[in-house]
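Have a look below at one chain only, the form predicted on its own, in structure tokens format.
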């Protein structure tokens, strides 16, 4: 039996594969330190859980409108008004099953055969795979370790061709934690408006930025290209709600209407109980977000200090998200591990430490370490990783 052609154009998520491997090993009784997880290790804040319990007690367990309950859509608009000073109406918002579905709705609504869609690498692998599922072609603009993988407008614009239909920007980025500045996004926004192409911004890590740097990307989009801009957001990272599956897509009314039609024939509405919990997350106290961010900052700083003891592990402190993106190319060699994929597999086999190899992000020679775990596990995992490097890495590289 022949499968649909689209199945041969895409690959399964390599980041999810790491999690599945860790789960399999743990169920076999093997103790593994998991640095691959792309989700907070914090519990969902109590007030959010209380709102969910109340929804159950009130039997709020039936279908809702596909695009989400009005209360939640209004709460999303209010949150963006408060945080960014931008005005959206409820018909510009659809509630989705996480940020991933928001991006998928966007890809299916905007892109098609013959279109090219530009994004920056290293990138979250789902972004180009979704472009392929929309029968379009992903095009990559490379960012560089020398400036912390910051996203520059010119690199993206240099990739534009007559077939370019859209540009997708992820800030803070997964896996690098890098940002695009307001000025760089403004250049892209003005270009998008002039050339009538789509500018999609993935803000799923928008609450996890460590320093008070200007990052009001929604306002930049509103000022430059409101009719060509789509924002994808999520409750998952900021509010430790990954399993609840709640995100949102914000954009021109026609885009949201198209996404509503698509979603009506796929998942329909996000879980009713989750929607009530998300209302509390957005309207309630934001103090838990700050508490989590402060803890992530401590972990980031300590993990960076531990890893950079060995000069063969090169990394910068990320500006956002909760990943340390490490260049391990100095630990690879023709006589040892040739790829970061082989390196990561051996680290798991020998030291029982799971990391995500850079091949998952179009960045061979690197690894992604999630520090969304306890300081104790970060310390133990770092110790094991450093011992692994000391055992296997070419010694000549230490002189670098």
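Just so it is clear, the model here is predicted, and its values are computed rather than measured. Residue numbers count along the first chain shown, from 1.
What follows is about the form predicted in complex with ligand GLU, which we do not show.
None of 45, 68, 358, 38 but one reaches within 4.5 angstroms of ligand GLU in the predicted bound form through a heavy atom, and that residue is 38.
Exactly one listed residue, out of 244, 323, 149, 80, brings a non-hydrogen atom to within 4.5 Å of ligand GLU in the predicted bound form: 323. Taken together, the three residues 16, 100 and 205 all lie with some non-hydrogen atom within 4.5 angstroms of ligand GLU in the predicted bound form. Though the partner is left out of this view, residue 237 does reach within 4.5 Å of ligand GLU in the predicted bound form, counting heavy atoms only. Ligand GLU in the predicted bound form is not approached by residue 171, whose heavy atoms all lie more than 4.5 angstroms from it. Taking the partner from the other structure, ligand GLU in the predicted bound form has no heavy atom within 4.5 Å of any heavy atom of residue 198. Although the partner is absent here, residue 124 is a contact residue: one of its heavy atoms lies within 4.5 angstroms of ligand GLU in the predicted bound form. Residues of 344-379 that come within 4.5 Å of ligand GLU in the predicted bound form, judged by any heavy atom, reduce to 368 alone.
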